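Next come structure tokens for two forms of one protein chain, structure 1 first, structure 2 second.
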Structure 1
Amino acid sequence: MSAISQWMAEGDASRRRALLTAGSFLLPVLVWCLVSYVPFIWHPKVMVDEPGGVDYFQSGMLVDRDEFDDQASQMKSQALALPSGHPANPIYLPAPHSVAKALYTGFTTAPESKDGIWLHQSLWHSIQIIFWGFVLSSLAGVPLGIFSGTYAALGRLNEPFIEFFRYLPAPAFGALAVAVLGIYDGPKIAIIVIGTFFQQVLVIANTTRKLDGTIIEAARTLGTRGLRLITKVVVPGILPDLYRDQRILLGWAWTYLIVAELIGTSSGITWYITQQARYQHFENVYAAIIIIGIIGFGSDLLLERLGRRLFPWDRSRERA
């Protein structure tokens, strides 16, 4: 009986959690819908339907509301035909439905020039940049972080400099990276690496330091020494936390993507976004931004699920 009611309560809790998760996404969308579809909320522009007597108005033109009212009253005083129009939002705020449509048409529309790139190709290129940047950074950053966290002297030797370096904005090295690595993918990957590596060393060194010292001492009394202390005790001991750190760092790597891709010849999703913005296809811009979000968030969710399977002994996740 009590087991059942407990089960019900747990069901309730998880249902409530799912509801709140959905709500956290629905709320911003709701605000966006309100601003887009309720004519008296915001709508600072007027979309001209009929120009009337105003000579520079054209149907389909967006004008400021003040300007429209001004012209309308002038036409009235001159007894000319009144212009007509309806409230509209600026072009940089497309309505949800047009963005939703763009999310689909973005993938189905062929590029404008014949040697152009499809949206999915742009995305794939971006994902590769992130991947290689993150892998290269991790190859050096993870071992260095672990060693710095384990050996106090090594930590003291490199961490002050790294601490200093991480305040230097990664994009500042853009021009240098181009000079050294050319204009294609090299400098972009380099920016991701610079943006990730220094944080990575510090974060992982810290995680390593937090490992319970008793565990290391226990291993030493069991005859572990030298490098094996790191491979057999420190690494497995911090693995779940290391994995969590890497997930957060991967998120940071994504935030460097756009700047990285602007360096040298613009490429990937950034190239797509700048192209679309140039032609004022803002619904496509929003669609692309949302896709970045979906890929980032989705991959993190996936990694989290994977982590649960990889580390069945990890208790810290149960706080959530």
Structure 2
Amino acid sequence: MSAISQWMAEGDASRRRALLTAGSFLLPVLVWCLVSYVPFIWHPKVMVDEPGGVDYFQSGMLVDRDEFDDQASQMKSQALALPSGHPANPIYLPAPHSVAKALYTGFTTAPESKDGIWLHQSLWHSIQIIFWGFVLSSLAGVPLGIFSGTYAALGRLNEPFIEFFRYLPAPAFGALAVAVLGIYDGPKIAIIVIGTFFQQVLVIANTTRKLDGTIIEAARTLGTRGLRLITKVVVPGILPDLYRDQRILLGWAWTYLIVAELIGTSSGITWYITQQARYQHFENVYAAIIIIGIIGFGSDLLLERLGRRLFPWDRSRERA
């Protein structure tokens, strides 16, 4: 009977987490819809339907409400045709349905220019930048973090400099990266590495220090030393937490993507966003930003599911 009760409690907790997760997305979308579709909440512009007697008004033009009212009063005093329009938001805040349409057409409609790049091609290029930058960062950062957390002397030797260096903004090294690595993908990957490597070392070193010291002392008492201590005792002991740290640090890598892709030649999703913003296609800008969030959040969910399979004994992730 207790097993059934526990199963039901776990089911209720799972449903509650699912509802809260859905609510965390639905609430901002609801606010966005209210701002977009309810005129009296926030519509500081007027979309001109008919210009009337105003010579510089055009159908589909966005003007400030005060300007529209002023021109309408002038046309009335001059006995000319009155302009007509409806409340609207600024061009930089498209409605949800416009963004949804742009999200669909971005993958189904060819670029307007012959040398244009499809949205999915830009995304794939950016994903490769993230992948190689984070892999290179992890190849150096994870071992150094584990060794620094295991051996106090090594930690005291390198962590003060790493603490200093992590406060230096990664984009500041953009010009140097271009000078050394050229103008293509090399400096972009380098910015991802610089932005995540130093954080990795400190975070993983701190995670390693949380391992129960009695386990390490017991292993040393039994004669375990050097690399064998790391591979047989420390790494297995911190593996679930190490995996969780990497999931978080991967999110940090995504935050450096836009800045990294501005260095050297324009490429990836940053190039797409810049081009669309230049021509004031802000619905496409929002669509690209949302795609980045979907990919990042979706990959994190997949990694979380994978973590449950890899570390079924880990209970620290469970919440009531």
Partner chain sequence: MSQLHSIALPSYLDQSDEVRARFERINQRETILEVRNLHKRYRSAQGETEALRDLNFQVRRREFVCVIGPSGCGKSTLIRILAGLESHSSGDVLLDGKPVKGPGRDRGMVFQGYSLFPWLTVKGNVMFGPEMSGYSRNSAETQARTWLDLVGLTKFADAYPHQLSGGMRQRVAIARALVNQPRILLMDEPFGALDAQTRAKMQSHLLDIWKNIDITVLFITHDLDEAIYLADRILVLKPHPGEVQEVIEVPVPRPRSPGQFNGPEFRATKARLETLIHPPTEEETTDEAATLPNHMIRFTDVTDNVE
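Treat the numbers as computed from the prediction; the structure is a model and nothing was measured. Residue positions are counted from 1 along structure 1's sequence. Think of the rigid core as the biggest set of C-alphas that the two forms share within 1.5 Å after superposition.
Both panels show the same chain in isolation, but it is structure 1 that comes from the form predicted in complex with the partner chain.
Comparing the forms between structure 1 and structure 2, the C-alpha position of residue 17 differs by 2 angstroms or more, with the core used for superposition.
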